[in-house]
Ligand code: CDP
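Read the single chain below, which is given as structure tokens and is the form predicted alone.
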């Protein structure tokens, strides 16, 4: 029997991870965070002192040497590399600086995708978030959601998340940065950001966090996927 999978994709700052985590908790699923695994791979490459530009084969070799993987923990999966990796290490500035470059490497994406698929086979229902989960990693997912919002709405959320003032100038700069990121993500050669043909588009520009989580939970219930609710 195939595992039950809800795939949530969307552009930068669309709230994929926080939404996926809340949806998973409400439905009794596990949350599978693809971005955390990319950060684990990047951490291994940085700790090994690999020179830039990064070569995919070297990055994958270090990830293997460090034993980077995902392991079930409570309602989520934790990144391990010979031992559990603290979230603070995954979110370190040096990892954030290099993770996009490493995640753009085709061989690295292939390696990560296989580990994500392996994690989903533990036999428990999962909510997975990323940028090509429904289109590439889990095309067989029983529910695919493309989560988005206007660049301005996402910019405001990102500024508030960072604890910065949402004044007109800051909002303009952040909005332009996100729009540029959208264009780059949608046009890149490897794993471009796309909405899967059978994904449900959910524009959250005018929704609260609780409302967008409930919309996805409703979709899961409607398709008979909910374990408990």
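Numbering follows the first chain given and starts at 1. Just so we're on the same page, rigid core means the largest C-alpha set that superposes within 1.5 Å between forms. None of the values given here were measured: they were computed from a predicted structure.
Form predicted in complex with cytidine-5'-diphosphate: not shown, discussed below.
Among heavy atoms of residue 85, none comes within 4.5 Å of cytidine-5'-diphosphate in the model of the complex.
Taking the partner from elsewhere, residue 91 is found to have a heavy atom lying within 4.5 Å of cytidine-5'-diphosphate in the model of the complex.
cytidine-5'-diphosphate is not shown here, and in the model of the complex it never comes within 4.5 Å of any heavy atom of residue 31.
Heavy atoms of residue 127 never reach within 4.5 Å of cytidine-5'-diphosphate in the model of the complex, leaving it off the interface. From the list 21-29, 8-16, 215-223, 202-210, the contact stretch for cytidine-5'-diphosphate in the model of the complex under a 4.5 Å heavy atom rule is 8-16.
This chain lacks the partner; the member of 119, 159, 143, 99 within 4.5 angstroms of cytidine-5'-diphosphate in the model of the complex by a non-hydrogen atom is 99. Residues from 185-209 that approach cytidine-5'-diphosphate in the model of the complex with a non-hydrogen atom closer than or equal to 4.5 Å are 185, 188, in the order they occur in the chain. After superposition on the rigid core, the Cα of residue 65 moves by less than 2 Å between this form and the one not shown. Relative to the superposed core, residue 30 undergoes a C-alpha shift smaller than 2 Å between this form and the one not shown. Residue displacement note: residue 56 has its CA displaced by under 2 Å between this form and the one not shown (rigid core superposed).
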